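Single chain ahead, by itself, as structure tokens, in the form predicted alone.
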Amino acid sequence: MKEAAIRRLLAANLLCVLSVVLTAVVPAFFWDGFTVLGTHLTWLCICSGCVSTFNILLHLVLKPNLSPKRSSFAHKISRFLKCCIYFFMSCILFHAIIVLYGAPLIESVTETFLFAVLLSTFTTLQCLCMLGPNIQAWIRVFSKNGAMSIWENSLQITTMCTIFGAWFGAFPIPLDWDRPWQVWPVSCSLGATFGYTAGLIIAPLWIHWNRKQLTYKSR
């Protein structure tokens, strides 16, 4: 495995981490009173939008898993529309799962849906950028030894860290500490964000550490 490919992955992931950090810092210069906790719903919208835009542009530039076959303009439009539908369906699915795990069904619908959008941005959007609207490819990547590149290994690690981060973030909510970050869905969204950024950093380090053991099947 070439070290250059791992360094390229590390650089791309660090840029993604930077994009998350900037969503918490830059808006404060233009919006009086903006804080991640105080204006959390606004931050969720900003973070989801900025991270989505940045990741799409980054994958268009790097093209880590782009098929060598040229496709027609109509095929590209169809692919784009399918990706939009998949992303929206992912938001709905995450929203339903979050409610099943105990989130309010009627109250805080906006908060729950924005949290679902954030989760979709950190997980589903990555899959769409790298694998496209191909469910079979998604199943392959997230199966045992299914990754065919370091980018797919990074996708596995980042996605799992995001989900676990969101799950662990729910633990402080029922405690009677009466802290501002215990308000729904602050701790969960922060947990997902920390899990996402941690996964971005851990992935290239883990791949570098295990590079001699990693072998990828040809497509």
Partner chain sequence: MQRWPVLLFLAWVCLLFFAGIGLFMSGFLLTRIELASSSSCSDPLVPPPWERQSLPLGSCWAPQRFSKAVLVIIDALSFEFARFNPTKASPLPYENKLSFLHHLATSQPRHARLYRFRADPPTATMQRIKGLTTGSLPTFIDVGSNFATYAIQEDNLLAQLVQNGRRVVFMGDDTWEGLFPKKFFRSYFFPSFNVKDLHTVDDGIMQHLYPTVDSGEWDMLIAHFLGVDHCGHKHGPDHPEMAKKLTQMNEMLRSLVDHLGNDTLLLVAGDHGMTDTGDHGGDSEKEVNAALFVYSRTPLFGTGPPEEPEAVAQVNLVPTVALLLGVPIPYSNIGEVMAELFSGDGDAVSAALQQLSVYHINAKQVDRFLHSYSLVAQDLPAEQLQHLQELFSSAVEEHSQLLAQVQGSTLVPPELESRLGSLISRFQLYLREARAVCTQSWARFHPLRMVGGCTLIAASCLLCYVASELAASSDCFYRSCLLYPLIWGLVVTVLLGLAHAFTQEGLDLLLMSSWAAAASQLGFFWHWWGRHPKRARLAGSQPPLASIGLRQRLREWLGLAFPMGILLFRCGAMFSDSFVVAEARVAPFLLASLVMLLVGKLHWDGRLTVPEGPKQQLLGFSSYRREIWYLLCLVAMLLVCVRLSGFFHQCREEILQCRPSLFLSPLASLRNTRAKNLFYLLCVALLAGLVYAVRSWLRRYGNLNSSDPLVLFVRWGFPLVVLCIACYWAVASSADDSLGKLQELVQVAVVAFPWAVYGLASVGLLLLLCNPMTVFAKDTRESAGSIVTPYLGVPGSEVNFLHVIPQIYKRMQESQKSCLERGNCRATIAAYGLGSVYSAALVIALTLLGFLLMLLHSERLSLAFLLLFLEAFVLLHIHTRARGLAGDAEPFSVPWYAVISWLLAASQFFYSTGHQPIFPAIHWNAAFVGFHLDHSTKLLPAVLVGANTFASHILFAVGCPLLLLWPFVCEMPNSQRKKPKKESREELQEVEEHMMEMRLRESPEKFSTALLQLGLKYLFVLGTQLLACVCAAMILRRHLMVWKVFAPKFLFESLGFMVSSICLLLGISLVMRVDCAVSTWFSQLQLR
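Positions refer to the first chain, counted from 1. Here the structure is a predicted model, which means the values were calculated and not measured.
One more form of this protein, predicted in complex with its partner chain, exists but is not displayed; see below.
- With the partner omitted from this view, the residue of Thr39, Gln156, Ser52, Ser187 that lies near its partner chain in the predicted bound form is Gln156 [heavy atom within 4.5 Å].
- Within 4.5 Å of some heavy atom of its partner chain in the predicted bound form lies at least one heavy atom of Met148.
- Contact between Leu175 and its partner chain in the predicted bound form is found at the 4.5 Å heavy atom cutoff.
- Its partner chain is not shown here, and in the predicted bound form it never comes within 4.5 Å of any heavy atom of Arg79.
- Contact between Trp181 and its partner chain in the predicted bound form is not found at the 4.5 Å heavy atom cutoff.
- For its partner chain in the predicted bound form, the listed stretch (139-147, 121-129, 82-90, 108-116) containing residues with heavy atoms inside 4.5 Å is 139-147.
- Annotation for 145-169: interface residues with its partner chain in the predicted bound form are Met148, Gln156, Met160, Phe164, Trp167, Phe168 [heavy atom within 4.5 Å].
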